[in-house]
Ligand SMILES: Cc1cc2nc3c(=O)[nH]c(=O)nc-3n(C[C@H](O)[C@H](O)[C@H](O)COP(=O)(O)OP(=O)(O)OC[C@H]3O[C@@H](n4cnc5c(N)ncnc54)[C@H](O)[C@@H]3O)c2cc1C
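As a starting point, one isolated chain is supplied in structure tokens, in the form predicted alone.
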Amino acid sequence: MLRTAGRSGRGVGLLRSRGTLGRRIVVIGAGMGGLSAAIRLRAAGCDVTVLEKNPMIGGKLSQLSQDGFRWDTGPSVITMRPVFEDVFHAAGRSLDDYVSLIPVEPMTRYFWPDGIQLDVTADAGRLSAELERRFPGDGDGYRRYLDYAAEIYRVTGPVFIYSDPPRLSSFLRVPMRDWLKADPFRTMSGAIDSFVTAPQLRQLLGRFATYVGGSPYLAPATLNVIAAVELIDGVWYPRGGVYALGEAFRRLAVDSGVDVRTDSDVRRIVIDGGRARGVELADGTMLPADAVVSNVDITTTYRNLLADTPSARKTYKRLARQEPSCSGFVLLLGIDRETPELAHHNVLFSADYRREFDQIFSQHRPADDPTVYIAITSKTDPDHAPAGMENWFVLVNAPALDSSFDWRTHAPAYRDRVLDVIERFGFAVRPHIVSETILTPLDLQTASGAYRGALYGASANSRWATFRRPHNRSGDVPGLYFAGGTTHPGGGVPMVTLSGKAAAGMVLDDLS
């Protein structure tokens, strides 16, 4: 069992409250990173106000109810349960008092065009035996791969995940033999291919690159750590839907004394004397603050919220030049039948995975034959759909917004392409759609402020991506801090929660 304990690393608690009691903090954005930071800052005695431009909290983590169906419209897979337990512990509360996280079994059901189907379970022994039966020799390879990925986690966790952004001194504390175990010089696919030979299993393990918006053929092998976190420790589902976890954060924040305001659009961050001094709302209201935490995409923050100074322009241009992670194309489908062939989480793989990622990252266009992910929460929460029906969240990876593809024009045709893929796998979906909503990268950019609709900020398709990830403390504006998936330690619900912890710790360090 991996130790994904969110309590490792720096803590925030009453020991810091003497120097921070009554300090005013404004958090822009009520996503998971912003709420995580707000809860910890309040626990340390600060007066905290969270400003969310949308009517709902959650950022990319959101929900939609329509025609008797309910969908999560953002993240759908929860891992690293201790990270969330730690947030509630910091506020002197218990996670279980606010939300019920239940294990999902099978974690995911996988389908391939050749007819092979596989349920991936957290029982590694049972799964490796099944893999050995289907793909002789690969059962042992899978076990060795998990050991390899767990070693990467042991080495990188304290430096890249549960700490402040790494510095040179961070690396010097790690023995060289351990750095070699982190495997920074191969690609994810190169490492995976050294353990397993079946193309289906290589595709399955390579899929974890998409958890940070990357390609397994370009991202460094170090990111195989993502597979370890899920395949060893399992997948969790918040009873009521993934949005229930965001709502639990909101309730905890309010119960702790945080002022959470929705429909509160921030026009700009107020800079006075070179330092962040508060924010101005769209209606002209000024809120002074001793520190500002932006839970908005960092590139969007520099482009839209900071004064047009030479320093801000320079930083924005640098951030905008970075290769973005992928975005997503989403169909929210209400289906008037039940499909026992599908599980809670399902993946329908493309026939040519390498070509799929080449089209997304090199040609900057949606894949002709995309891999399709389908989450059906009504499998676990039957009230998410009318009796005898199901709520399908359908997601395919898509390129970040680019002038070479116009979603306004091509979204309907691409919707048909995705449905074609689903029907090739034997699921006749078209005649059974009774409710439908399409979300393109344009919608994701508008709703969450994600620059170019990129779900995870800068791309992970470089061995140096981890080192170039933006810091949680602004280098341009004292008193300004960042939390969210576009800053350290990265994207995904557990990571953005940890980013809030890192940002809060820096605020308290500086104010103290």
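Numbers follow the displayed sequence, beginning with 1. Since the structure is predicted, the reported quantities are computational estimates derived from the model, not experimental observations.
The discussion below concerns the form predicted together with this ligand, not included here.
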* Asked: Is residue 128 close enough to touch this ligand in the predicted bound form, meaning at least one heavy atom pair within 4.5 Å?
  -> no
* To do: Report whether the minimum heavy atom distance between residue 37 and this ligand in the predicted bound form is within 4.5 Å.
  => no
* Asked: According to a 4.5 angstroms non-hydrogen atom cut-off, is residue 53 in contact with this ligand in the predicted bound form?
  -> yes
* Are any of the heavy atoms in residue 25 no more than 4.5 Å from a heavy atom of this ligand in the predicted bound form? -> no
* To do: Look at the stretches 104-112, 259-267, 151-159, 355-363 and give the one with heavy atoms within 4.5 Å of this ligand in the predicted bound form.
  => 259-267
* Among 77, 174, 271, 429, which has any heavy atom within 4.5 Å of this ligand in the predicted bound form? -> 77
* in the predicted bound form, the residue from 43, 477, 458, 444 that sits within 4.5 Å of this ligand by heavy atoms -> 444
* Asked: Can you tell me which residues in 21-36 come within 4.5 angstroms of this ligand in the predicted bound form, by heavy atoms?
  -> 28, 29, 30, 31, 32, 33, 34
